[in-house]
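Presented as structure tokens, the chain that follows is alone, the form predicted alone.
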Amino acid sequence: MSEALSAPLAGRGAPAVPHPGPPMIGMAGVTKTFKRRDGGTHLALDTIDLDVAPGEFVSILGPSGCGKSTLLYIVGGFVAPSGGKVTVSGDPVTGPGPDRGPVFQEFALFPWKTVLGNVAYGLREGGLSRRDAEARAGELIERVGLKGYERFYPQALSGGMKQRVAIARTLAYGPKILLMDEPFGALDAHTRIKLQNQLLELWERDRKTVLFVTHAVDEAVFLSDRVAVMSRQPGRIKEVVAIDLPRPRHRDELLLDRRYQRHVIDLERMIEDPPDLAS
């Protein structure tokens, strides 16, 4: 094995550490039960305890159907928990709010609006003049790498471009938190890697708090400060793993780093464990 494979990433700084004080996102004893058509109940989430510090990038990783997205929707205020409490900056979550910006796998763009119109929409709804909203939207479009596409309609864009428009639209109203539900899951591998790199560039610049749902182990390791690993249903947090890789991160260097490889191997083993027969 080459020396490069075992060499540390020198001169890249230290991984992020939790911020002292109250968490940006707090989850305490969160459970969610759904009613079944036969009149019974289904326990989707069981006693979730997780804090996310300001500016931290935390991924929720687990097999399909473990309740990852449900947990994200509860934090976003779109779904009410059956038990427990969720707070943002110490305040209870009672519904959606502009402090939390969702980015979903489905782009949900307005097909009758241009790229500029989609990104400016929330700003216009918030009371900004057309001129100011479009100026702000133009800055964000450039930041996500779509300068020159302002007058294009969604049907003329690739999947990756549509997702960048969706991210710019969410960033436009300045949320403190990004809630991302497998935003790159429907994209081809090459586009997914490009958008992961771009997301990290945006995060390094703004250091927003990010809660990121994924079932891809390599994606979670590449992006995150910590990874919360969930069990199969009912969804429980099996372990929270700190990703001790320095930032900024560069994929070509990480692929040769033993720490990256070890995290990927360990996390894959965690999510491949057989379901708990006692559950």
Partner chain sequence: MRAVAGSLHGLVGLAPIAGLVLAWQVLLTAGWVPSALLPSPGAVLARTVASLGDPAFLGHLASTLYRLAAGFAIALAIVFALGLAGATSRIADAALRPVIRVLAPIPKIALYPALILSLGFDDAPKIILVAADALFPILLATYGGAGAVEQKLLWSARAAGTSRAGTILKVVLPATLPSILTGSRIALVVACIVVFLAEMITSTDGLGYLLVRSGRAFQTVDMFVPLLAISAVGLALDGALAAARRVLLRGFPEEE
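Residue numbers count along the first chain shown, from 1. Treat the numbers as computed from the prediction; the structure is a model and nothing was measured.
The discussion below concerns the form predicted in complex with its partner chain, not included here.
Q: Taking 4.5 Å between heavy atoms as the contact cutoff, choose which of Val79, Leu202, Met161, Leu116 touches its partner chain in the predicted bound form.
A: Of Val79, Leu202, Met161, Leu116, the residue with a heavy atom within 4.5 Å of its partner chain in the predicted bound form is Val79.
Q: Exactly one of Pro92, Gly83, Gly185, Pro96 has a non-hydrogen atom within 4.5 Å of its partner chain in the predicted bound form; which residue is it?
A: The option sitting close enough to the partner is Pro96.
Q: Would Tyr73, Glu106 and Leu109 all count as contacting its partner chain in the predicted bound form, using a 4.5 Å heavy atom cut-off?
A: All three within 4.5 Å in the predicted bound form.
Q: Given that the partner is absent here, does Tyr121 sit within 4.5 Å of its partner chain in the predicted bound form, heavy atoms only?
A: Flag for Tyr121 set to yes.
Q: In the predicted bound form, is there a heavy atom of its partner chain that lies within 4.5 Å of any heavy atom of Glu139, even though the partner is absent here?
A: No, no contact at 4.5 Å.
Q: Does any part of Asp132 reach within 4.5 Å of its partner chain in the predicted bound form? Heavy atoms only, please.
A: Contact check for Asp132: no, nothing within 4.5 Å of its partner chain in the predicted bound form.
Q: Counting only non-hydrogen atoms and a 4.5 angstroms cut-off, does Glu125 reach its partner chain in the predicted bound form?
A: Yes, Glu125 sits close enough to its partner chain in the predicted bound form that at least one of its heavy atoms falls within 4.5 Å.
Q: Heavy atoms, 4.5 Å, its partner chain in the predicted bound form: which of 139-147, 189-197, 202-210, 152-160 makes the cut? Say which one.
A: It is the stretch 152-160.
Q: Check each residue of 169-207 against its partner chain in the predicted bound form and list those with a heavy atom within 4.5 Å, in sequence order.
A: Result: Arg169, Tyr173.
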